[in-house]
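Before any questions on how it binds or moves, here is one chain, the form predicted on its own, in structure tokens.
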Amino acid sequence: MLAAMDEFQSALGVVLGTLERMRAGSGRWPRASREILARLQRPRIAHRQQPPTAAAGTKEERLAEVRARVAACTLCPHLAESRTQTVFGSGNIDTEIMFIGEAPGADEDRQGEPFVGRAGQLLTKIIAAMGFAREEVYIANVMKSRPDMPPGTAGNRPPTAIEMQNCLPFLVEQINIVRPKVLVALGATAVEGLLGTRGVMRELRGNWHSFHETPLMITYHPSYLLRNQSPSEKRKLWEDMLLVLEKIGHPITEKQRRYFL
């Protein structure tokens, strides 16, 4: 069953890649060979014949199985070739809060753990101000591979919609296994990956949304606060975190209510 679904995802990736190039203005009409069409049809038949079975095992075992599939994933061949390693997620698998970013950067690609660079250091500070150790929450990204960059080019690029669509099922599995009370989306790209919509952060943040029936709080990415040191912007992110604490019923001190990052 898993092999059939992997084959389906691979064929679907070919189709989506063609459509993406069309949108970029390549001017070429898509073509689908008989082989591709057959690959798209076979998993659908297999799926009807073999209904999925319920997941078994402990949380650790189930996450390890997903992690192994992530490490072997080649749905985005260019990312599979350029990455040092995949970045799955880390933290407490029984947590009430899961933080979700957009994609690994250079530091994360090198170390294999999400949010370990400068933005990650600020996120750790935010988590501590909320009254938790970093190890008490769970941190992941929509993307499990770092978006590739031209050789010799510094910085990071945002993932494409197709890249995020390919990776999102892995994140959904993580969420379904960990089952946090609250999700926190960090930045507009993470929001696009989760909800499939683009919007202005000042309008999206500070409001409750829902992702697969789990409450979702949208707030700024820590890297935004590294670029914008305005106390008012820092306070906005902190107010979002106070809403998260209220949602999970965590006590909030007066010091926390007056806190600025």
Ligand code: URA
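Just so it is clear, the structure is predicted and the values come from calculations on it, not from any experiment. Start at 1 with the first residue shown and count on from there.
There is also a form predicted together with the ligand; it is not shown, and the following applies to it.
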Item to complete: Tell me, yes or no, whether K234 is in contact with the ligand in the predicted complex, where a contact means a heavy atom of each within 4.5 Å.
Response: no
Discussion item. Even though the partner isn't displayed, in the predicted complex is S145 close enough to the ligand, meaning a heavy atom within 4.5 Å?
Written reply: no
Practice prompt. Evaluate A103 for contact with the ligand in the predicted complex, applying a 4.5 angstroms cut-off between non-hydrogen atoms, and reply yes or no.
Written response: yes
Fill in: Touches the ligand in the predicted complex: E96 (any heavy atom, 4.5 Å)
no
Worksheet item: Taking E108, P114 and N141 as the candidate spot, are all three within 4.5 angstroms of the ligand in the predicted complex by heavy atoms?
Response: yes
Worksheet item: Just one stretch in 146 to 154, 114 to 122, 67 to 75, 163 to 171 has heavy atoms within 4.5 Å of the ligand in the predicted complex, so which one is it?
Response: 114 to 122
Worksheet, complete the sentence: Looking in the predicted complex, the residues of 188 to 227 with a heavy atom no more than 4.5 Å from the ligand, listed in order, are H221
